[in-house]
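Single chain ahead, written as structure tokens, the form predicted alone.
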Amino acid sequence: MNLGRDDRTRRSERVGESLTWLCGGALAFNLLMIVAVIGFIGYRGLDYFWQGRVALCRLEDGRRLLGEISGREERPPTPGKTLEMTGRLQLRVGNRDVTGAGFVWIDDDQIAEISYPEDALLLERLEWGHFYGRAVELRRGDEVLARGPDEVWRAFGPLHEEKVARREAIERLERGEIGDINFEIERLRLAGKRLARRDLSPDERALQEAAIAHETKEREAQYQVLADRLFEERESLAEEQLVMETADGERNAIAVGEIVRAVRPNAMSLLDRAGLYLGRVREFVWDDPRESNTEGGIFPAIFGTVLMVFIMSIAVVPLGVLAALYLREYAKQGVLVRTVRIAVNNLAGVPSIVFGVFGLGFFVYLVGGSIDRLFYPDALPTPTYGTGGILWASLTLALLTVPVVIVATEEGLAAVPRGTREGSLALGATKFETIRRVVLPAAAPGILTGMILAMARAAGEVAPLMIVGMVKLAPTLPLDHHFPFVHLERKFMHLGFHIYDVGFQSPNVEATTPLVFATALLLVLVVTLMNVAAIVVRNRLRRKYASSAI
């Protein structure tokens, strides 16, 4: 009998040990997959900013192509033609305004020679993407300022710095003084509409109308002066032309003011490449997008994503915590409460697009339309809150993620020992005081866990946001210096939608593929930073209330 019991014990131990190894192996495999995915995204995303050499390919048919080698693939033998593996190169030739195609594939057997000329010049432009060629002349009208690659390169730097400074001044003028005057003109227009609805005497109405008309005329005169100045500044950007010659000898004149950056990749040292790399990363993070979001930076998308998650967290935490408190601490446990819990759990499985449709009908049309009729009748029929905006998008995501917060909060409340509650009540505290001063602080780590999960899900949602306020390109941020400073009715950009738009809606897919990985990496980093901040707070609370056995 003892021998049989010992055999069963040993078998149980072996089974338990095997299950332990199986669980450990599964965990290690999951961690490996996570690291592999993030590593792949990071490699492809960070490689987007590195500047490679520019190759001049001379083909067997006499054609010449200049660009960066962006890929290579091997092809199997072709029956009846060759029995050997063949390959081909993908060359980023840019010059879409000249050739119409930014990338070409070249078979290995078509290439006669590949060289890397030091005078090859790469231009990053505000429009039409990259241009690869050789600098021929720098002109101002009919006047030749410099001729030849080296002389043009020396003269180009100071001139380009001047144009960049002027371009930044134009941008400040558009967003600053001109934007302020447009804001004042719109304010006066609405004031005139409000005046028309007021019950005033004819003399008083005429006096106020004259005052509004006079101020409007002054503002319009100021606007015209600034508009003329803006036109002159823009004209000055196109005064100097950089004449470029493509690999096949075709010449093209490019306004110096339209050039974002010019580099000679084949003449750059490793230190120069590193400096260029950091400059492109800074541009990607802090600048506005251009060229249909395929060039420039993504700062508006970063700002919109973070602000939306922040507003969503402010809305979802009180809503979810109060619902969980009622279900756990106040509601009489029975069929109704169990039914509500089942409904909350099922709500977490509803497709997100359904929440988007609900947000459009309830928040945008019903609540937003009512706000417009009550508080912004002068702006109608142009809606203010009766259209998609960052506020309605945040509230829609709050409804989407509230089941997560409710469940996590209930788990945190259930983990608070019963003796803690009874001790507080025995000392004379009311139930409300016990919940506020004892239970909620002890359950705070669980509440923060729910908030972390809600933030992670909300940051990656795209489908409902497409209906309730997210756009491809937002001209202004929801934050400026005009009262009330934070404009929650404005539309916004989102990193998730930016990935979808660039990856699947861009006409130049080959050029935007690395940008997709870079944006995805940045989205992962943004979500990680927000979660880490919440995790740090949660861990501090967990240590503080360690005596509660949470």
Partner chain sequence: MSVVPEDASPSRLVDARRWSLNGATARRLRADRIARWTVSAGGLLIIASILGILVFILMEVWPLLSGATVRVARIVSLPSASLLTLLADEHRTFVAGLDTAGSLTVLRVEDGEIVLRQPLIPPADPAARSEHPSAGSAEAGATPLTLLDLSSQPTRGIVSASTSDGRVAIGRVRWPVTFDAQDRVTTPGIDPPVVVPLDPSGGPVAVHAVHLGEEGATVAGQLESGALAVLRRSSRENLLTGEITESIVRGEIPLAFRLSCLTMAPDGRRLYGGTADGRLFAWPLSGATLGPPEEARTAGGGITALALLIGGQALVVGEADGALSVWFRVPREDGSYALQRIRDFPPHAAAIRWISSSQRDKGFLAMDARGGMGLYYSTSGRTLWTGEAPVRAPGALAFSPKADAAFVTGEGGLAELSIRNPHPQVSLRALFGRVWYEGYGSPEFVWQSSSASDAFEPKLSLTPLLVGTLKGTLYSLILAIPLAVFGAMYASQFMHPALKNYVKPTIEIMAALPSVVLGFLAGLWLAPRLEQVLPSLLLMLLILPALVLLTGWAVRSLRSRIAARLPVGMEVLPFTVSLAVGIWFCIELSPFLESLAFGGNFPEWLTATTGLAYDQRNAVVVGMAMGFAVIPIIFSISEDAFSNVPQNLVSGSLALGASRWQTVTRVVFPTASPGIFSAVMIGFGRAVGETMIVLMATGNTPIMDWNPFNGFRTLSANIAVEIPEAPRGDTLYRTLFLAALLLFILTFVVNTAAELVRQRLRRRYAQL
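Positions refer to the first chain, counted from 1. Rigid core here is just the name for the largest C-alpha set that superposes within 1.5 Å across the two forms. This structure is a prediction, so every number in the text was calculated from the model and none was measured.
Beyond what is shown, the protein has a form predicted in complex with its partner chain; the following relates to that form.
Heavy atoms within 4.5 Å of its partner chain in the model of the complex belong, among the stretches 282-290, 240-248, 421-429, 128-136, to residues of 421-429. Put simply, of L488, A511, L65, I41 only one has a heavy atom within 4.5 Å of its partner chain in the model of the complex, and it is I41. Of the residues I106, V438, L477, A323, just one reaches its partner chain in the model of the complex with a heavy atom at 4.5 Å or closer; this is A323. With a 4.5 Å cutoff on heavy atoms, G52 does not count as touching its partner chain in the model of the complex; it lies far away. Put simply, F517 is close to its partner chain in the model of the complex: some heavy atom of it is within 4.5 Å. Contact annotation for Y376: none of its heavy atoms lies within 4.5 Å of its partner chain in the model of the complex. Using a 4.5 angstroms limit between non-hydrogen atoms, G496 touches its partner chain in the model of the complex. Contact residues in stretch 345-380 (any heavy atom within 4.5 Å of its partner chain, taken in the model of the complex) are N345, N346, L347, G349, V350, P351, I353, V354, F355, V357, F358, L360, G361, F362, Y365, L366. Fitting the two forms on the rigid core leaves the C-alpha of R166 displaced by under 2 angstroms between this form and the one not shown. When two forms of a protein are overlaid on their rigid core, residues whose CA moves 2 Å or more are considered shifted, and R147 is not one of them between this form and the one not shown. For E233, a C-alpha deviation below 2 angstroms is recorded between this form and the one not shown after rigid-core alignment.
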